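Next up: a single chain in C-alpha cells, the form predicted alone.
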C-alpha cells in the first residue's frame, strides 16, 4: 500500500510549507517537492488545500452505560463519523457501570467493543472509581497493557466519585506509574445538595441543570484536584473546562508549579446556556456536565486557546437520543442523560469559528485538535504531526467548501444534531488512516475493523 499526496499546503503545530507527502507501509517515508510514486500508488491532488496531521479527539464516550441507559453509538458508527470529520484517533473513557467491578474486566469489555469494529485508531483512559490494594494491582497491569492515563470523577455522588483518601492514593499511584490523571472536576456533594434544593422547589426543567452545577462548583473541583496533585507532583489534565472561574484556578495552579494541562470542548466555544433554556423541553438536547455557560466565557476560551494556555479541544462525545432517552428527565432534570454529541463536527466547527473567523491561526488549530493530545498522551510523533516515520494519518482539507450540518446527513447514530442548520466553512476532502484512504469528498470509503489499538508508554513527567 502506497500513497502520494501532491501539491498540498502542509500545516503542523509549528510549520506551514508546500510539499508532497509519500507514504508506504502505513508510515510517511518521504516529504519533498515533485515526488514520484510507483504506478499502483494512490495519488491525491491537494492543490489549493491544506494537509493536516490526522486529528485526535482526546475525550469521547462510545460504549457508555449511564443514567439508566446506554449511549447510542457503536465503534462502527462513531469511527465513521470521526473520520468523516477528520478525526483519525479516538481516546475513549473506560467507565464501567459499577465501581465494584474489577478494573481489568472493564478494560477487556471496552477493548472488545472496539477491536475489529473501528475504522479509526483508538486508545483509552482507564476510569478509577475506587482504589484499594487489589485495584492498584489491576491498574498496574492495565498500564503495562498500553493505557497510560487514568480518568477520575470529582462528581456523580454515589456513582463514579471517590473519597479524598482514594483521590490521594490514586494520584500517588499515577505518579509512581508515570501516567496522566484526567479529571472531571466538580464538587459532588455541592452538586447533590443543589439538585435537591431545586427539585424541592419544583424547579425540574433542563434550565435548572445549570444552577445545580454553577461555575464556582466546577472551579472548586479544579482547586481541590490541583491541591492534591501538588502533594505528589502528579501530572493532571482537566477535562471539559467550561468557565473562566475554572480556567483561573487551573492557571493559578500552573503558575505555582503544578503539572496541569487544560482541555475545553468545542461546545463551550460555540454554544451557551441559552440553548439549555429552549422551551418545550428542547433544552434537554443541550444538557451536559459541566453545563453550557454564559456567552461571555466563549471569548475567554478563544483567547486562552490563541495563547495556547488551553492545550486541547475535545468533544466529550456522549450520544443519547432526544426521543426515549433525553425524555427520561422530562419531570426531573437530574435524569436527563448528559451529552451534546459533536464527534463528527468538532474539526469543522473549530475551523469555521476559529480559523475562518480569524480567532486562531492554522498552527494553533492543529496544535489544539491534534498535536497536544498526541504529546500529552504518549502518541507523539507517531501521531499528531507530519514527519518521516509518523503514521500516515492525514487530512486533506478544503477551505473553500461550504455546507450545513444536519441530523439527516450525519454519521453518528442519533436522532438530532445540536448544530442543525449551522454553516460550515471547510471540510475534509480526503482522510487517510495509516496510508489507506478512509474518506473521500465527505463519504466514508474506509475499512471497518482496520482501526488499531494504540499502545502508549508511561511518560514519567
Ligand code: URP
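Residue numbers count along the first chain shown, from 1. Values in this document were obtained by computation on a predicted structure and should not be read as measured data.
Omitted here: the form predicted together with this ligand. The next part is about that form.
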If you check 80, 151, 223, 235 against this ligand in the predicted complex, which one has a heavy atom within 4.5 Å?
151
With this ligand left out of view, choose which of 240, 375, 293, 285 has a non-hydrogen atom within 4.5 angstroms of it in the predicted complex.
240
For residue 345, is any heavy atom within 4.5 Å of this ligand in the predicted complex, or not?
no
Partner proximity in the predicted complex: residue 63 to this ligand, non-hydrogen atom cutoff 4.5 Å
no
How about residue 229: is it within 4.5 Å of this ligand in the predicted complex, going by heavy atoms?
no
Do residue 339 and this ligand come within 4.5 Å of each other in the predicted complex, heavy atoms counted?
yes
Would this ligand be touched by all three of 269, 297 and 359 in the predicted complex, meaning a heavy atom each within 4.5 Å?
no
Where, among 316 to 324, 124 to 132, 192 to 200, 249 to 257, do residues come within 4.5 Å of this ligand in the predicted complex by heavy atom distance?
316 to 324
Looking in the predicted complex, the residues of 175 to 189 with a heavy atom no more than 4.5 Å from this ligand, listed in order, are 184
